[in-house]
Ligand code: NAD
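Just the one chain here, laid out as C-alpha cells, in the form predicted alone.
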C-alpha cells in the first residue's frame, strides 16, 4: 500500500525521495482505447506502477502490453479462456481475481454497462475502484473531476471519472464559477459520431440530434459541481476526431469581467489551451489535432481543452465561447489525480495535476 504523504507541504515535487515510498499498485481492467492510455499515464508516474492489465482474449492489444512489459491477465477466471492466450504466444498470468488480489486500486476501462457486475466483483475483492464516464453516477455515488471536487474523493473506496464532455465543461466553467460565485449555462454539444478506430457506428451522412432534452451532459456536470446551473443539448455529426461545445454563460449582474480577463483566467488554468484560431490558422478540429501531432503527443492525443480565443465574446452579462474536446484522451490525467486522491496521497488538486502532467511529459520526452 502507499505511504501517506502530504506532497503539498513539501518544498517541491523534485525534492521527494521516491525510493522511500511504496508505489501504488494499479490494475487496469480493460486495455482498449481508454485503458491503454490510462496504463501509460500510470506507468509515467513516480508514485504508481502497473501491476497488470486485462484482456478478454488474445489480440493485438496484447502485443502492445508485452512491449510495455505490462503483465497480462484475463478478464475472466475461466481456465479455458486463460489458456487461450498461450495458444497465440502470449503469457497470461491468471484471471481477474488473481490481479485484484495483488493490486491496491483498479481502474475499470471496460465497455460501458458492465459496471454493476464489475462493482460487485471489486467489493468482494475488497479493492478500491474507479469507473469511467460511460457508467452512471449512482454506481459509486461519487463522480470526479480534478478541478471540481478533488478533495471529495480523498480516501474514497470508489469513484467515477466523468465523461470527456463533462471533463471539458468542468475545466472552463469551474474556474469561472469560483471567480464569480454564480453561473447559468446553456450548452450545445456537437459530438463526434464514433472514435477513429470504431467502424461500427454512425451517422455516416447525417446530422443526428439527441432527442432527449436536456441531454445528460449538463446533468452530469452537476454531479461534480451542483452549484452551476446548466442545461445542455447534443447533436451527433459525421466526424471522428473531436467534440465541439458551443457555450453561453450568464454571469452575475455585478461581475467585473471583460472578454480579455476571462481569456487570461483560462490561460492560467492547467489543462486548458487558449489560442487565436485565425492568427495561428487553427480554425477547425482538424487543425487542432494536427497541432497535437506536431507537439509529439502519443496517438496524437490532446489532454487539454482547446478554446478558440477569437471565438470568446462577453456581451454585458452574457459570455459566448467555443471549445474542443479530444474524447479519447482528456479524461486520462483525471484518472491519475483520482487515484492519488482515493489513495489518500494528495489533497491539493493543483499539486496532483502538476505531478501528473510533468511526469507524462517526461515519460514521452516532451
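What you are looking at is a predicted structure, and each value in this text was computed from that prediction instead of being measured. Positions refer to the first chain, counted from 1.
If you look for the form predicted together with the named molecule, you will not find it shown, but the lines that follow are about it.
- Note on the interface: of 309-317, 45-53, 28-36, 294-302, the segment with non-hydrogen atoms within 4.5 angstroms of the named molecule in the predicted bound form is 28-36.
- For the chain shown alone, residue 133 is a contact residue for the named molecule in the predicted bound form, at least one non-hydrogen atom being within 4.5 angstroms.
- The shortest heavy atom separation between residue 192 and the named molecule in the predicted bound form is within 4.5 Å.
- The named molecule in the predicted bound form is not approached by residue 336, whose heavy atoms all lie more than 4.5 angstroms from it.
- Not displayed here, the named molecule is approached by residue 75 to within 4.5 Å at the level of heavy atoms in the predicted bound form.
- Only one of 140, 269, 215, 110 lies close to the named molecule in the predicted bound form, with a heavy atom inside 4.5 Å, and it is 110.
- 118 is the sole member of 118, 232, 149, 172 with a non-hydrogen atom lying within 4.5 angstroms of the named molecule in the predicted bound form.
- Of the residues in 317-342, those that come within 4.5 Å of the named molecule in the predicted bound form through at least one heavy atom are, in sequence order, 327, 328, 331.
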